[in-house]
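Before any questions on binding or motion, here is one chain by itself as structure tokens, the form predicted alone.
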Amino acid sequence: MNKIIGRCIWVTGASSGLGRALVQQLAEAGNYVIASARSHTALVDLALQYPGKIKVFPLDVSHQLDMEKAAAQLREFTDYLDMVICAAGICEYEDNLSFDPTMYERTMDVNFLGVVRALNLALPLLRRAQQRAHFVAISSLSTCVGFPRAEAYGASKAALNYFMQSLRADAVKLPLDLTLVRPGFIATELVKNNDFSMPFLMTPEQASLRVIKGINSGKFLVDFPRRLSWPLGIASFFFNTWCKYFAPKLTRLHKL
């Protein structure tokens, strides 16, 4: 049962995939949702589905925008936030070990720094939360163990993991709940061009229900599906074995 009801929630990455599904399910449950993404048109289409429940807030988390201007616009929608869910994300692969710094910068700007920018923007409003404030970040199960080609994506999500863990340590005495979500494969635009097996692939709607259930559980770390998280967790403890027996089957590189 969805227990997130009657809250003011800001969701980033809301124009497609998991973020869009979260906005839809949260709006249907009776929440007031502020939806952010780069695509203004997609956000407007989403808001039209739920009149009066969704506010369109176009925002590109990958750039250091005029924060004062963005903060002022956010305050036009509400003078408090009960929850923030950072679902914006991109994925680029290291196909030939070129280590292109611009690719790493793009990935870090969205997946890690985008979350930091969102928290910076939202914090004054979270301090005025009408219910206990809650900050949620979407990471990935790929951070459990090093995957071939995932140097940039995995590093950005691993940085996010550490950030959330450190924030949790700092916030133990504060009225702020934190949730770090690490899902497996979700059928979104992000993975549609993947040319490898994606076990236990979920729809955005299925994943959104898992996220909401995880938030309701009160746990800091929410991993799903277990059929994938448990084997990856074991692999992280036996990393040498992973590199010796599994990585050679996954990597596409045979020379430097």
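Just so it is clear, the structure is predicted and the values come from calculations on it, not from any experiment. Just count from 1 along the sequence shown to find any residue number.
From this point on, the text means the form predicted together with a small molecule, which you will not see here.
- request: Please name which of the stretches 46-54, 27-35, 183-191, 212-220 has residues with heavy atoms lying within 4.5 Å of the small molecule in the predicted complex.
  value: Only one stretch passes the 4.5 Å heavy-atom test: 183-191.
Site test, Met83, His134 and Asn161 vs the small molecule in the predicted complex, non-hydrogen atom cutoff 4.5 Å: Heavy-atom distance to the small molecule in the predicted complex: none of the three under 4.5 Å.
task: Give a yes/no on whether Thr203 approaches the small molecule to within 4.5 Å in the predicted complex, heavy atoms considered.
output: Output for Thr203 is no: heavy atoms all beyond 4.5 Å of the small molecule.
The small molecule contact at Ser229 in the predicted complex, heavy atom, 4.5 Å: Contact check for Ser229: no, nothing within 4.5 Å of the small molecule in the predicted complex.
- request: Indicate whether the small molecule has at least one heavy atom within 4.5 Å of a heavy atom of Leu18 in the predicted complex.
  value: Close contact exists here: in the predicted complex, Leu18 approaches the small molecule to within 4.5 Å, heavy atoms only.
- prompt: Does Ala14 reach the small molecule in the predicted complex if we count a contact as any heavy atom within 4.5 Å?
  reply: Contact with the small molecule, yes.
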